[in-house]
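Below sits a lone chain in structure tokens, taken as the form predicted on its own.
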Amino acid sequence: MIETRTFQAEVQELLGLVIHSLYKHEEIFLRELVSNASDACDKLRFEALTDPALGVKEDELAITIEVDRTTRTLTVSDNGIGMSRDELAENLGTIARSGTKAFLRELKDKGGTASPALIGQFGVGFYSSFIVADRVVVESRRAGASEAWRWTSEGKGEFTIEAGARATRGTSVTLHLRPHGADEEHPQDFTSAFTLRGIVKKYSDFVAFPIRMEVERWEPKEGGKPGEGATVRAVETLNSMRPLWTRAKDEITADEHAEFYRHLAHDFEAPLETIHFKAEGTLEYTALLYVPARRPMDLFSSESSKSSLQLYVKRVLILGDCHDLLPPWLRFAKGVVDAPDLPLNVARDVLQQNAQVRQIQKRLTKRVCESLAQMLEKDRARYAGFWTNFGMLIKEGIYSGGDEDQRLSKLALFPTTHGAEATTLVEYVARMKAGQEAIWYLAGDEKASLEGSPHLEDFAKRGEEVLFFVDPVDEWLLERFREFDGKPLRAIDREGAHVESTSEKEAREALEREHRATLSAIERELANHVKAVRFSTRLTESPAALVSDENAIGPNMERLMRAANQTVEPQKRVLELNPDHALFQKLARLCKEHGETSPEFQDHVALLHGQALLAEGSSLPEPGRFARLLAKLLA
């Protein structure tokens, strides 16, 4: 026999869960109450379109915050749609019943196509009041009704409804705050005008209705002496109401963008680039992003490893640091996204992972990359400044898999043998010599030291350009970044980078047979450091160069791994010699006249090997010995 039963809920336990588990910060209650008040004003404005008898004036709708420090009460009032007795019972007496949601459903049932931008969706935001209050009183009067009603609850599973005394339409929510001020456990004093102003500015600055509060301020006496004056009470509007991103692009000045960016990023400089657009269609949202002019000091700290745009829904701040709207490698971008259709979880503190979030991230990423590409094309000097500050993050995007269409590779700049200005890969490929099959590069610490590398001599003779990879991240980048535009990237200090002609190979082999005794003697002397010694046809001026196997760890990667305290087995490489250089010719004479065991021969071999290491930027195995030998030779 199958028995069907309904779920039972312990109302007080459920209310406690809503109050204490959904929200991470006490201050959230004020955001929720202001959002509810904003919805009430929006509902009244919308109903007034079809009911002129309501007599609503657009500029009279407002939200008011009142504080009484003596009685420790905080009241949030509005002059919006208000609630009847039944609506109070249904909306506030049923947990997770949203009046906003019901209102929208009713509009839909009536065939309405336009709807106000309402925030509440889950019907639990109101109960966040009990995080800070042990008693909540709601006074409400429905627009067009003659009576008011009072709803009261201590958040323990029960509430009362009785006749109220409110003389005008709207709703007032009065919180009887718990008996504590700011302390270590509760760091915020919600009877402080300074605290309340900060919370409104943080979460509700762009709510469409004025949020007003009476505050105390010092006014100097007109014509009086310095220090003369009095403390007066005056009503202030706490929110700015009109967010910058809702205005047309051509209405916003550069100064306004600069001021808003400083407010967002706490940066004293104006932004380098502004990206402002509105997406329309099945998913609508507005984005206003900024590219900073310089790198912040904490860009690579563990706390700043994710993107952190501000997420708004219908002008209310939902997340101050939303990590899901841009990939981590675009974390330099600052700005806001206002997505009125984005579904949120009930606490609003965490986004539901869904296709809409991924769609927004994909579009934002594309727009940022397009903006950077346009800057690269139209203002190379400005882009070069961007690359100096944030190029490593673009390379991080390539490494992390964000370069499927090579849009990031096209943004990369690399120092080059072609000239003083860094080049793009697109420009490099356009300059490639006929028959050149690879993009050549050389990795090291800095361009100045690489420019003296003996490995460049052969490429200079052939007239082929070489890129310099001098960022520490470049070595790791190369693990993923193997080709561009169908051309492989190849290091010039590896086997196979130099292709000998038949005549060059025959001449080299003949010389090696002639000087086999000297080459073998050098090989034995350096047996702990190199795996072979041979002649080279790639060297024109330098006496020697060290060449790695094509798939081996390069010397620069070795240095980086050791600097990171990683264990690296020493890589034995091939020592290539220039047979026409005077240093080799002297070695050949010393070997022939004194033998390979003579100190003079051994010293010159050590100097030759040390010179090759220094030329590529590597450290010496015995720097003290090398210095003594060099001094001896010079003397």
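Numbers for residues come from their place in the sequence shown, where the first is 1. None of the values given here were measured: they were computed from a predicted structure. Take the two forms, find the largest set of C-alpha atoms that superpose within 1.5 Å, and that set is the rigid core.
Missing here is the form predicted in complex with adenosine-5'-diphosphate (ADP); even so, the following discussion is about that form.
May I ask you to choose, among V207, V466, M83, L330, the residue with a heavy atom within 4.5 Å of adenosine-5'-diphosphate (ADP) in the predicted bound form? Residue within 4.5 Å of the partner: M83.
Among H266, K378, R516, K461, which has any heavy atom within 4.5 Å of adenosine-5'-diphosphate (ADP) in the predicted bound form? Among H266, K378, R516, K461, a heavy atom within 4.5 Å of adenosine-5'-diphosphate (ADP) in the predicted bound form occurs only for H266.
Contact with adenosine-5'-diphosphate (ADP) in the predicted bound form for Y127, defined as at least one heavy atom pair within 4.5 Å: yes or no? Yes, Y127 lies within 4.5 Å of adenosine-5'-diphosphate (ADP) in the predicted bound form.
Is N556 close enough to adenosine-5'-diphosphate (ADP) in the predicted bound form to count, meaning some heavy atom within 4.5 Å? Judged by the heavy-atom cut-off of 4.5 Å, N556 is well away from adenosine-5'-diphosphate (ADP) in the predicted bound form.
Answer with yes or no whether V215 is in contact with adenosine-5'-diphosphate (ADP) in the predicted bound form, where contact means some heavy atom within 4.5 Å. No - in the predicted bound form, heavy atoms of V215 and adenosine-5'-diphosphate (ADP) never come within 4.5 Å of each other.
Please tell me whether any heavy atom belonging to L393 falls inside 4.5 Å of a heavy atom of adenosine-5'-diphosphate (ADP), as the geometry stands in the predicted bound form. Because no heavy atom of L393 falls inside 4.5 Å of adenosine-5'-diphosphate (ADP) in the predicted bound form, the answer is no.
Should the three residues L442, E457 and S542 be counted as contacting adenosine-5'-diphosphate (ADP) in the predicted bound form, with contact defined as a heavy atom within 4.5 Å for each? No, the candidate spot makes no contact with adenosine-5'-diphosphate (ADP).
Can you say which of 360-368, 288-296, 73-81, 248-256 gets within 4.5 Å of adenosine-5'-diphosphate (ADP) in the predicted bound form, counting heavy atoms only? That would be 73-81.
Are there residues in 28-44 with a heavy atom within 4.5 Å of adenosine-5'-diphosphate (ADP) in the predicted bound form, and which are they, in order? Contacts from 28-44: N36, A37, A40, K43.
Would you tell me if S140 moves between the shown form and the other one by 2 Å or more at its C-alpha, with the rigid core held superposed? The answer is yes; the displacement is at least 2 Å.
Cα of T171 displaced 2 Å or more between the shown form and the other one, core superposed? It does, since the T171 C-alpha is displaced 2 Å or more between the shown form and the other one after the core fit.
Work out whether the Cα atoms of L283 and A37 come closer together or move farther apart in the predicted bound form than they are in this form, the change being 3 angstroms or more. Compared with the form shown here, the C-alpha atoms of L283 and A37 sit farther apart in the predicted bound form, by 3 Å or more.
Any idea whether E32 and G335 get closer or farther by CA distance in the predicted bound form, knowing it moves 3 angstroms or more? They are closer; the C-alpha distance drops by 3 Å or more in the predicted bound form.
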